[in-house]
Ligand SMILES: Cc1cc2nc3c(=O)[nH]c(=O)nc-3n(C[C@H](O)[C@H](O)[C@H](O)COP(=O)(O)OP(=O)(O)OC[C@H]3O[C@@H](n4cnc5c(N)ncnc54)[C@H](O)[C@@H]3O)c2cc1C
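The chain below stands alone, shown as structure tokens; this is the form predicted on its own.
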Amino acid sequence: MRKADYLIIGQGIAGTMLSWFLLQAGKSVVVIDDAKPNSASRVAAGIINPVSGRRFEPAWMYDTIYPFAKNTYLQLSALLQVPVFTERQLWTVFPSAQMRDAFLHKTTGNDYTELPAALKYEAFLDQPFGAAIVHGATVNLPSLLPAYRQYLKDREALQETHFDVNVLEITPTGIIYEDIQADKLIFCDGVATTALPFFERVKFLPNKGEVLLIKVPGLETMDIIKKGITLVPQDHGVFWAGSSFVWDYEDDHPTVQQREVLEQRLSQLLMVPYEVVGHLSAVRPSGNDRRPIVGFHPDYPAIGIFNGLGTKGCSLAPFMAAHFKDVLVSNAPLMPEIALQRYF
């Protein structure tokens, strides 16, 4: 029987960050992950944005979580020898005069937005109401996740298999799963957690997002471009273009309907032809109050969750994972805003 302090289900951004901080604290972990290609973390663009939504509110705890996230990703980049973190400008195109005025009202006086001296991309973008610059970043998930996966493999801390809850045995001292005996089991597997009997009372709001991968001849930039749709530069001249939000969906596969929605939004941004080279989709996990969901089940103290990071996952995951590690290792109090207990 193999023993571990923590068995972690899922190696998206949540499972990656939590296992990393627990390993750094000297704890033994085993991560189970089946590498589903359209998991939320593997489809996401990894955007870190200090402004939330169409109301341009400052992102929750941004002044705290951003420097922590940046430092963590730079450490992992050096350790894993892959590019992980890139600070970028978000070229935010105003769709109307009203949205421009709202942006100016909400962001005046902060350190992460500014108005440009002159418009850029005038040959490519429809921007009659101007644009603003938001200072953000991206996390290179296609580099980070597989590199960290190999890091776990090298330490024999990864099992590449599908987790079957029917095999789980809860004991007085922890859990047993196949040949693994662990003190705690923590679910970090995104939307899959919503189907588990332990978390039926959690008000998950899973939503499906679809994105296109496109090429825009002549458009070369390191900026993220936003106007109804977001363009994020990738390798080889490709842009991630997304994403849609669908609350009622049949499955997690791409659809013709949402491709049409995305292409309509692209037509409102781009004044030049583009080529679609890919179409992806995934289901995002999020809670009803848009806060992470962290903690242990009141009736099953060995069963925990670290989930619900939503569209802010890349900015929230490092700080929240480190905080949860402190709760687990040092008995620090869990932030009430993210505590699983709010659903019980």
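Just count from 1 along the sequence shown to find any residue number. From a predicted model like this one, the values you see are computed outputs, not experimental measurements.
Another form, the form predicted together with the ligand, is not on view; read the next lines as being about it.
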{"query": "4.5 Å heavy atom contact with the ligand in the predicted complex for all of A14, A192 and V211", "finding": "yes"}
{"query": "Partner contact for F163 in the predicted complex: the ligand, 4.5 angstroms, heavy atom", "finding": "yes"}
{"query": "The ligand contact at C188 in the predicted complex, heavy atom, 4.5 Å", "finding": "yes"}
{"query": "Contact test in the predicted complex: R291 vs the ligand, heavy atoms, 4.5 Å", "finding": "no"}
{"query": "Proximity of V277 to the ligand in the predicted complex, heavy atoms at 4.5 Å", "finding": "no"}
{"query": "Contact segment among 296-304, 58-66, 22-30, 283-291, judged by heavy atoms lying within 4.5 Å of the ligand in the predicted complex", "finding": "283-291"}
{"query": "Partner contacts for 28-47, taking the ligand in the predicted complex and a 4.5 Å heavy atom cut-off", "finding": "I32, D33, D34, A35, K36, S39, A40, S41, R42, V43, A44, A45, G46, I47"}
